[in-house]
Structure formats: structure tokens, C-alpha cells
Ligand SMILES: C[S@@+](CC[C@H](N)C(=O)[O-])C[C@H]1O[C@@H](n2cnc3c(N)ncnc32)[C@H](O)[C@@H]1O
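Coming up is one lone chain in C-alpha cells, specifically the form predicted on its own.
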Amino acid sequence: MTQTAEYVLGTGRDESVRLGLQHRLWSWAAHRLWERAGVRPGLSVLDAGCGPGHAAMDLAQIVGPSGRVIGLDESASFLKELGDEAKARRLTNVHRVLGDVQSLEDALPDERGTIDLAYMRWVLCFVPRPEDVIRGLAALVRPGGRVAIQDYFNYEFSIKLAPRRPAFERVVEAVAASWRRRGGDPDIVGRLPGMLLDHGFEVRSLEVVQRVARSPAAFAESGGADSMWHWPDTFFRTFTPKLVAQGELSQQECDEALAVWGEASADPASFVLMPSVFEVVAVRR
């Protein structure tokens, strides 16, 4: 395998660790979505844009030895992590494919009409040609098969730090701008139902998950914690400095934002309204 592309969020060790935490914090939502989509033993599942494979590992255990999971990603380093983890867990039903989700038919030429379920989480918001992804899924998913997608809509306006802090809101704007500069769309779910309908899918469910995370200081006396706080914490601490390198933030803006985030983490009255995560299940007609 060779490295073919670099994620807007990077593929380094820091991002891999962040993705692992993200999956643990959102795994309950993923499993709930998979239940609605009918994931069960014996199915052929495509995890498109699988990253290091945290979801693929869970899916492989659900479909069991009689099923299979294809983990497709453009990052060779992430696919190596997936392979190493599958070997460590003795899962022989995980297959790795290096490829672009925007060219699924080229990456999986022998899988046309064989996929029972395709899953994507926070993939479409990053790609310049999301309709090509849906077109590829329409070719690979069998009639009666399903797609299950988790992604964003109204990203910049749904994530808020309370009390409001302009330095934090500037970072959110810069994050969305960095995605758009590379052709992504943090409002992609607004266009998703139409794309699915145009390519032969029937949208069976459209739901939203909205979470609130409270600062660690809110639990100082009780000794408890809100584990969801660690999701924005790892994201902003990891990605904000990268926005400086990308030219989306000045170093002063970065320093101010990180200082504000530190203040919020120490403020028992602070909380974050998390970005709205939309969940779509559609059936191939």
C-alpha cells in the first residue's frame, strides 16, 4: 500500500488517537443506527472511509465469520492500523481496500450489487464530490440493501460554547472554512436526501443526535465527569494549531482560542452544545 492522500484532519498518531476516543464516545449511536439499518450476522458490509477501523472492528464482530466487512480508505497508514488490530483480535472477516470513496466502482470492481449494507460516518462532509460517492454506493449496494450514514448539517451554528466566547466561535468558523477550502461541506446532510433519491435510494429514516457536554470543573466536588467533554477537548487541542499551518487562523487567534478553552474547562458553569449529528438510513430500490 502507498499513501494516496492526506485528510484535512491529518493521519498522524494524534489524529488516530482522537478517532479512537471519538468512536468510543459515539459507539452507542453507531450501534443504534446499525440496529435500525438491520446489521446482523452473515451480511456483507462496506465501511467506506473507515479510517483506522474502529467501527469496522465492531461491525466485523456483529456480522461474524459468516459475514464480511470491507474497510475502504485512502490512507495506507490507517489501513495498516486496521489490519494490525484485526490480526490481534483474530478477525479473519475484515478485508482492507486502499481507495477513494469518490471512486468506489474503481476501487471495488468485483463488488457490484454484492453489498448488503454500506456505512459512512463523517466522510461525506470532507469530500469534494459527494454525489460520486452516492453514485458508487448505488452500484455496489444490492437491491433491497441499505446505506447508513452519520454526518453534519448546520455545523457552524449548532456548536456553541456557553457562556459564549468570540475566540472559540472564530475557531469554529475556521474549521468549517478549512473543510470548504478543500471541497468539503459541513452542511452536507442538507443535500444528502436529494442525492440518495436521485440515485435510486428510498430514505427510510432521518434523525438527529444533539448532545451537550459539561466542563470537568462542574464535577470537581463530586468526583464525576462528563466523558463527552473529551470529544471537543481533543478535537480543538489537536486541530486548532493545524489551522494556523493551513492559514485559517493567526498564531495569536490560536493562542487566544486555546486559552479560552482552558478557561472554559476550569469553569463549572461552562458547557458545549455539540454539533448536530444527523443519521440517515436509505434502502436501494
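In case it trips you up, residue 1 is the first one in the sequence shown, and so on. As the structure is a prediction and not an experimental result, all values here were calculated from the model.
Just so you know, the form predicted in complex with the named molecule exists too; it's not on screen, but the next bit is about it.
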**Fill in**
For the named molecule in the model of the complex, the stretch among 153-161, 101-109, 191-199, 167-175 with residues bearing a heavy atom within 4.5 Å is 101-109
**Request:** Answer yes if any heavy atom of residue 127 is within 4.5 Å of a heavy atom of the named molecule in the model of the complex; otherwise answer no.
**Result:** yes
**Message:** Whether residue 81 contacts the named molecule in the model of the complex should be assessed with a 4.5 Å heavy atom distance threshold; does it?
**Reply:** no
**Request:** Answer yes if any heavy atom of residue 116 is within 4.5 Å of a heavy atom of the named molecule in the model of the complex; otherwise answer no.
**Result:** no
**Asked** Is residue 19 close enough to touch the named molecule in the model of the complex, meaning at least one heavy atom pair within 4.5 Å?
**Response** yes
**Asked** Given that the named molecule is left out here, which of 69, 37, 50, 257 has a heavy atom within 4.5 Å of it in the model of the complex?
**Response** 50
**Message:** Within 4.5 Å of the named molecule in the model of the complex, counting any non-hydrogen atom, which residues from 112-136 show up?
**Reply:** 121, 122, 123, 126, 127
